[in-house]
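First comes one chain, alone, set out as structure tokens in the form predicted on its own.
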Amino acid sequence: MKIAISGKGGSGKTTISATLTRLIARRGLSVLAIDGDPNPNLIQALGLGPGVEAEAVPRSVVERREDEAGKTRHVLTSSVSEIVGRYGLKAPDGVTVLVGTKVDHAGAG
């Protein structure tokens, strides 16, 4: 199952995401939550301390490659399990969380 939550700023996306992932994980299912917000707060919403920060998954995990037909595709440079193992954090209730991106400074996004 894959669930994506989107909406305008301030609509509660992070709170809903954190609550939903923890409830699903409490039922014994494996949950990988990915925070794709440029100002990531899902780690704290999942119950990890305010001083806990995840290393953002670098853009280098995806490469553009051209196939034999000349079509450009985006492909992972590592397996999903390697990416999760390297950048994932364990949160309460068995949720694993990844920070998909961060904007380091204005104009960097």
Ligand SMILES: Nc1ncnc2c1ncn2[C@@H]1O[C@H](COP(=O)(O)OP(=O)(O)OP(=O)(O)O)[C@@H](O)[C@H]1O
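Note that residue numbering begins at 1 and tracks the sequence as displayed. The shown structure was predicted, so the numbers you read here are calculated from the model rather than taken from an experiment.
This protein has a second form, the form predicted in complex with the ligand, left out of what is shown; the following refers to that one.
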| property | result |
| --- | --- |
| Non-hydrogen atom contact Thr14 with the ligand in the model of the complex at 4.5 angstroms | yes |
| Any non-hydrogen atom of Gly10 within 4.5 angstroms of the ligand in the model of the complex | yes |
| Proximity of Asp37 to the ligand in the model of the complex, heavy atoms at 4.5 Å | yes |
